[in-house]
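Only one chain comes next, encoded as structure tokens, the form predicted alone.
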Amino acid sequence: MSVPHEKPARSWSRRKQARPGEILDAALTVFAEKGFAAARMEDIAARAGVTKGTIYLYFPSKEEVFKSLARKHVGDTLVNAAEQARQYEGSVREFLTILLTVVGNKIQHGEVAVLPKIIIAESGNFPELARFWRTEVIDKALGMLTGVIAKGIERGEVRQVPAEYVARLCVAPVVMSIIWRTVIAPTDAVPFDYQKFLSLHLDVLLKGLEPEGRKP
């Protein structure tokens, strides 16, 4: 004997599981259009095609929506990158080239660049978000890069310099690219090539970090 309504129940279950992701996708679009302060939960709900009450079933506040977005789009990437950094046996140049290529692609083609823009623009009014970003993104990214540079120093690929400062030099053009993409780019007469910029920066940086007398 068949069980009545079994198929619709399964469909409902799948739909319920997909809702958090759909809400986050809608929130990213709304944050990109309005910024964090001006965005309302009603706006996110309308974009996601759900009621405001549905959002609160998954996220207790707008701040938690932002944090979940950061974990989904940035945190997971950093976790994967950190694991790859621990296992990677190639050169510092090769690893950083791969990493910055991925980052450059996200900056150029995705809306995820709006997340750090929000922190830069609105951290004064939302200090808890700034603390969250520092812990979940900045500290993890700098920790990973510091480890990569330190490994390069041990191997003789990089001269003896403070690895934690070199890590910041690696991040600097990423921050500049994010600001350019989210603030300046709409006024560009010619589209800015973020990949070319990041690649050139890395080439100049690593040549400056080569030990004296080391053959390329």
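Just count from 1 along the sequence shown to find any residue number. Because the structure is predicted, anything quoted here is derived from the model rather than measured.
There is also a form predicted in complex with another copy of the chain; it is not shown, and the following applies to it.
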Task: Glu22, heavy atom within 4.5 angstroms of another copy of the chain in the model of the complex - done: no
- [ ] Answer with yes or no whether Arg86 is in contact with another copy of the chain in the model of the complex, where contact means some heavy atom within 4.5 Å.
- [x] no
- [ ] Evaluate Ile138 for contact with another copy of the chain in the model of the complex, applying a 4.5 angstroms cut-off between non-hydrogen atoms, and reply yes or no.
- [x] yes
- [ ] Find out whether any non-hydrogen atom of Pro162 is located within 4.5 angstroms of another copy of the chain in the model of the complex, and reply yes or no.
- [x] yes
Open item on the list: Which residue, Ile107, Val74, Ala121, Ala82, is the contact with another copy of the chain in the model of the complex, using a 4.5 Å heavy atom cutoff?
Closed with: Ala121
Task: Contact assignment for another copy of the chain in the model of the complex, among Ala130, Val112, Val103, Met144, heavy atom within 4.5 Å - done: Ala130
Open item on the list: Only one of these stretches, 47-55, 170-178, 148-156, 65-73, has heavy atoms within 4.5 Å of another copy of the chain in the model of the complex; which one is it?
Closed with: 170-178
Open item on the list: Knowing the shift is 3 Å or more, I'd like to know if the C-alpha atoms of Ala189 and Pro173 are closer or farther apart in the model of the complex than in the shown chain.
Closed with: closer
Open item on the list: Lys62 and Trp133: their C-alpha distance differs by 3 angstroms or more in the model of the complex. Do they come closer or move farther apart compared with the shown form?
Closed with: farther
